[in-house]
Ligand code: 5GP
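Take a look at this one chain, the form predicted alone, written out in structure tokens.
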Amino acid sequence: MKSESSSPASTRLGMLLLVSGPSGSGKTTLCRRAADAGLASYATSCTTRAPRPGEVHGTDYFFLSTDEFKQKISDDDLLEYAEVHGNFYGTLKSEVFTHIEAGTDVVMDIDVQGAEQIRNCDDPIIQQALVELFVMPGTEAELRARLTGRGTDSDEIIETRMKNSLEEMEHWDKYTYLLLSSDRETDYQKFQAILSAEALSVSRLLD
């Protein structure tokens, strides 16, 4: 039996939990709630879309111009990036590597294009850290209700998001876990269970 000083707990690689799902599925809320509770670090994405009312640069997103975003691509500062709904979204390497290499779990809400890029990343640290969750709305009607419930988007934008969301939902079987959404508290309990179970995995213990 190993002594306490040689416990593997101090040499654990943090997990990178990718959370995907259509707009309105609650994926961002799940990630932020876990981060606020101290269960993980939230990887703030960068985007070229305009901020919505109340959104704060550096907290909700890093809001960049198209030129700034393209410079990040040129400088190889992004773990992944994609164009979604006519805007660029991406993840800064600095939001991920520093944390997981220090043994801190990272949660990230991400579209299916970005998740595919990270899934195919050949970096051994990313591959060892990677876990994926798809959040699926209960019904198409529930999805539409969540999209219209924001009250910030035009009918045209809602229809575009609805179409794209239905296409995204076809990718659920590529993920490690599937969470069929019901209510916020139940969803969060299931989310916590995944975090807890994966924290016990020996696959991220370092030699």
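When you see a residue number, it is the position in the sequence shown, counting from 1. Just so we're clear, the structure is a prediction, and the values are computed from it rather than from any experiment.
The form predicted together with the ligand exists for this protein as well; it is not shown, and the discussion that follows is about that form.
Put simply, of 106, 129, 133, 110 only one has a heavy atom within 4.5 Å of the ligand in the predicted complex, and it is 110. Contact annotation: residue 93 falls outside 4.5 Å of the ligand in the predicted complex, judged by heavy atom distances. Using a 4.5 angstroms threshold between heavy atoms, residue 52 counts as touching the ligand in the predicted complex. Proximity of residue 89 to the ligand in the predicted complex falls within the 4.5 Å heavy atom cutoff. Using a 4.5 Å cutoff between non-hydrogen atoms, residue 85 counts as a contact of the ligand in the predicted complex.
Stretch 43-51 is the answer when you ask which of 174-182, 29-37, 43-51, 135-143 has residues with heavy atoms within 4.5 Å of the ligand in the predicted complex. The partner is not shown here, but in the predicted complex the stretch 155-172 reaches within 4.5 angstroms of the ligand through a heavy atom at 161, 168.
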